[in-house]
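What follows is a single chain, given as structure tokens, in the form predicted alone.
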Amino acid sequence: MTTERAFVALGSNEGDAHAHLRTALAALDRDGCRVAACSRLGWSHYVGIVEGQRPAPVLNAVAEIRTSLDVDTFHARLHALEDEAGRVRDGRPERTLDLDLLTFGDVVRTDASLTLPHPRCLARGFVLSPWMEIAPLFRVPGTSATVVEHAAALRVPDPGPATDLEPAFAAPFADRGAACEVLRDREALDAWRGLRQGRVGVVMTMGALHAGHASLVQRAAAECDAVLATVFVNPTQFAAGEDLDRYPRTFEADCALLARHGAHAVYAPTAAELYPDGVAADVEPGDAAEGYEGAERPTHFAGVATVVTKLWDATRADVSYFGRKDAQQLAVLRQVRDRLGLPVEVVGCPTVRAIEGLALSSRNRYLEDAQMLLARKLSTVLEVLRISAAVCAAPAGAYSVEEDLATVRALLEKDSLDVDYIDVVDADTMRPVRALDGPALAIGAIRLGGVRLIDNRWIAPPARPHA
């Protein structure tokens, strides 16, 4: 298990830029380093003045790395990878590979060999935009603000730099090729768990896995000594008339995906094993379950809280990983954990998006092509809220969300989308936020044909000048 948390900006504008970034990420996933997360890869204009030339666009990304190396050894590793890629340091704008160390742990340093945080990282939209995808609430060392607040600050003098990144490729994942053992019952699970030492992480799923689930396993494998996934379509979180019977079941493909991204075992119990006394939801989800998803699906969170509590008990995990797309679920599970006093860390992981911005979901496969185009509107209007919050909060230092909420709801309804809700909330309590004085979560849910989609975006006022 690796220890320090580092963020690295990757860039290339010479040769096959996509291949250069993929190769670099694979190299950063071995020898004392593990890639915990990576943004989508996107194009930006070359920043800088080059007389008589028009430099090629740059393909950018930001990755989070967990490493056992010290800061100087890690920095030297980045330079070595640039050299292996053919990087020429002669001042010309063409670069096969740029690997800039943005931060390393909580190190604040300025000397002849290294400045941390990177001296220009907070002034570059093509860095802050992908960084915000994977770590919006990361508090930048030496400042008093998070990445999302620094990104908002770029909107104040000029909205352009903050948007100067065009996503073009999904985040590449290293193929870790773990041997993934299938555990069909509690006896097999107990035997496997009894042999594990160190930190054990669990990723709970209902199957029909996609890149969002892969990202959870990716992070777990970077932070834990052993990774266990669960695949169980939980009947207690489906209400009558919902899609329990037609929920996609792709177990063999799921196991292959889990193995590629670093899971060591998958627990696939039957309903009879998890619910020996009959299927029933008997864990109180708490007040974070009120409203929004809880109002639209009144029995859902009791079912989620029940099955997750059962799986925490069965797996005896030290840490469990959940996607932030299901933001209310994350708040509910943290409340359940705290109320029951369970010794498990609950980690929220960034939402993984398609190139066009749609949050990945197992239910997206129900959408037809024309519906996919409409489905992207939800992500778009939440991004509108984020931009508006940054710009409008700057003069007064506070921002009232009411008018903008009405505007973005109207944008969705204009396209005949059925809006369940659109709001800005505190991510821990799921209570509405009306005056924005720090990061908050813009959330929304729409119905499109027979498919229900949810999404969210962090929004924030700009970082204060002293940050």
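In this text, residue numbers run from 1 along the sequence as written. Everything numeric in this text was worked out from a predicted model, so none of it was measured.
Note that the form predicted together with adenosine monophosphate isn't included here; everything after this is about it.
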Choose one stretch from 124 to 132, 345 to 353, 270 to 278, 185 to 193: the one whose residues place a heavy atom within 4.5 angstroms of adenosine monophosphate in the predicted bound form.
345 to 353
Can you pick the one in Lys325, Lys310, Arg337, His118 that has a heavy atom within 4.5 Å of adenosine monophosphate in the predicted bound form?
Lys325
Between the options Leu360, Val319, Val283, Val107, which residue brings a heavy atom to within 4.5 Å of adenosine monophosphate in the predicted bound form?
Leu360
Quick check: do Ser379, Tyr421 and Ala460 each get a heavy atom within 4.5 Å of adenosine monophosphate in the predicted bound form?
no
In the predicted bound form, is there a heavy atom of adenosine monophosphate that lies within 4.5 Å of any heavy atom of His213, even though the partner is absent here?
yes
Check whether Cys224 has any heavy atom within 4.5 Å of a heavy atom of adenosine monophosphate in the predicted bound form, and answer yes or no.
no
Using a 4.5 angstroms cut-off on non-hydrogen atoms, would Ala85 count as touching adenosine monophosphate in the predicted bound form?
no
Taking adenosine monophosphate as it sits in the predicted bound form, is Tyr247 in contact with it (heavy atom to heavy atom, 4.5 Å or less)?
yes
Shown form as baseline, in the predicted bound form, CA Met132-His210 shift of 3 Å or more puts them closer
Classify the change in Cα distance between Pro136 and Val384 in the predicted bound form as closer or farther, relative to the shown form (magnitude of 3 Å or more).
farther
